[in-house]
Structure formats: C-alpha cells, structure tokens
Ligand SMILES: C[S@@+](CC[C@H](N)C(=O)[O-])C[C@H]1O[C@@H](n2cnc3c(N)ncnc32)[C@H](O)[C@@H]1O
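Single chain ahead, written as structure tokens, the form predicted on its own.
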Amino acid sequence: MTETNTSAPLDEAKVEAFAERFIGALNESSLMMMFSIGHRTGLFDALDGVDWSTSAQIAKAAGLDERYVREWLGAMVTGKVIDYRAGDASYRLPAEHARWLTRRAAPENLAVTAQWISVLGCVESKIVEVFKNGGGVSYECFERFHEAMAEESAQTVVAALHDHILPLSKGLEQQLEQGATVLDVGCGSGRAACALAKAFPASAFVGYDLCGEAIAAANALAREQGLTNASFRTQDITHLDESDRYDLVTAFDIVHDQKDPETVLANIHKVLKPGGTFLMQDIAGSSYLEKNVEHPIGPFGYTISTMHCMTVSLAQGGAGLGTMWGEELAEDMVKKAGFTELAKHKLEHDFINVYYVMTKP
C-alpha cells in the first residue's frame, strides 16, 4: 500500500463540492426507490393525464392506502418530479415527466429500470459476506429478479424485435416466415421467444434457462398465449449435447453472467446449422476501465455487476466476467468460439446494449 501524505493541504472547494455531490446522490438514489414503488403500485399510471388531485383522490384511483400515498407524494414533490399546489393540497404529474414514467410510455418507461436499485439492495448483506470470504451470491437469493428482468426485456428487446433487431440480419424475417428452428439461450421468462413464436407460427422456438422459476413462467406464458410452437426447459447451457440443429440462436443480455462463457459460446456455435445465425445482445462498453470513465451509466454498470452479474457467475465457481466485460473481450471470445466474422450494431432505442450478428461458416 502506498503512503498517504496527510500533511498536504486540502482543496476546500473540492471538499465542499464532493459533500454537495454526495447529498445530491443520496437524494437521487432515494428517488430511484420511490420511482420503483410508483411503478409497481401503479401510482404513475393513476396520475397520468389527470388534473390537480388530492392525495385521497390519487389513493382511491390507484386503490392504495392514502397515508402511504401522501408520504410517497412528499418524496416526489421535493424531488421535483410531481407538482404541488399548497392552496388546496393537490398534486399533478407533468405530462413531460409522465412521458417517461408510465406504462403508456413503454417501451420508454424509465421507471421499469428504477426497480433494479431495490432488487439489488435485497442482497447487500450477502454481497458484504462474499467481499470478505470470496465466492458469490446465487440467482435464488434475488427477490423479483426474473420479474424485473422480464419487464426490462419487454422494453429493450420485445418491443424492438420487428422494427430494429430482426432487420440486423438480412433475410432473417423471411426465413422465420417460411419456417426455421430457433433457440433462445438464457430465455428468462420467455417474453422474447413467445413474441417471436406468435409472429412466426411456421417456425419452432425453444428456450433454455438455468432457473426453474423462469422456465415455469415462460411455459405459463406460452400456454396463456396458446402457442404450440414454443417450449421451454431448464438447461445448463454449458452442457448441450446437440449439434447442427438450429437456424437461429439468440442470447439477449446473458453471456457475460454465465459460469463458463467460453463454453457457452462454443456450444452455441456447435448447435447452429452451417449458415445459421447467432444474434447476441450484450452491454455496450469497453473492457478497459479507462475507456469507461465517461460512460453514461458507468457507475450503474459496475454496481449491477458487483451486485448481480459477476456474483451469480462466481457463485457457480465461474469466470465472473461481470457486466462491464466489454466489447473488446466479447469480440475476442466469439471469434475464439468459431464465429470468424461478425457485424456489430448500436441501436437508437437501446443505448445500454450492443447487438452482434454472426453466421456459422
């Protein structure tokens, strides 16, 4: 450890600036929890497009307890999210804010993403333990992870499939219309695979995920939608005894948190038919910290990595790549798996991720 020069004079302006920044971060992070509650309880939706209303009126519209609603409104007013009129103690959600906070705003509902702060916070004590002892925290320890992930996927992937994602691979939609075999690895709750199965009834879709809870939700969704061309099963994708079977394999935001990502990528290459397509969505960013200093959500990326993506891999004795594994490493790993050529795309609707399109030779 390097020596610290405690006798050096402090830059008082810098001292004060950091204290102010900390207070700002405290308030903003508190609002994230309130954004999540506002989304989950439907409060933002109850306020959407409604004129000035009292806390009692808002609570009644949302079917909630007035005392809790009033305190939540206090956070929203002091956080400059909701307007307040003291004369009659009434509240209003500005249309400019509703534009980003309601279910009507999907797929651009930012309140969906606010849920991650609470989801990650539930394992803080377990994360402190692995800081001391090593190892990781398993998927099963995360409350509501699959629920929050499904909502996030609905916005970044499902809503953009036809207009933005499928067109990245020339001729892919036509192939799906004619009939193709598709595997979604790390399928989660199955929203993407079910959306594709509904749109392309001539194609057959299979989803694999390590978590039984997610697979149960995916199969339930397929039954609910009456889909006979989509099926899901619990499967560790580091152990796939299949080859030359699928025309398309998709991996939406899952490779970086695998136990053995190199084997997963090699297995994906193996299960594809010659000429088959691999479509991978993963985090946009660099493998080098110095290149991420100005990343628009760098702190969030490294936080969610510490609190989830890295630790769930380490819990399996895995590589622990983490969320910010970076595009450089991603490109090296897919090439090592056998994908000698790849096209990389960044889409306007999803600044968090990058999309890789590869073809098996």
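In this text, all values refer to a predicted model and were calculated from it rather than measured experimentally. All residue numbers are counted from 1 along the displayed sequence.
Keep in mind that the form predicted in complex with the ligand is not shown, yet the notes after this line are about it.
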Exercise for the section: Identify, from the list F278, Y91, F252, Y246, the residue with a heavy atom within 4.5 Å of the ligand in the predicted complex. Expected result: F252
Handout entry: The unique member of S231, N109, T238, Q175 whose heavy atoms fall within 4.5 Å of the ligand in the predicted complex
Key = T238
Handout entry: Segment assignment from 221-229, 194-202, 146-154, 76-84: heavy atom within 4.5 Å of the ligand in the predicted complex
Key = 146-154
Exercise for the section: State yes or no: in the predicted complex, is some non-hydrogen atom of C211 no more than 4.5 angstroms from a non-hydrogen atom of the ligand? Expected result: yes
Practice task
Could you confirm whether G285 comes within 4.5 Å of the ligand in the predicted complex, counting heavy atoms only?
Solution key: no
Practice task
Mark G186 yes when one of its heavy atoms lies within 4.5 Å of a heavy atom of the ligand in the predicted complex, and no otherwise.
Solution key: yes
Practice task
With heavy atoms only and a cut-off of 4.5 Å, decide whether Y139 touches the ligand in the predicted complex.
Solution key: yes
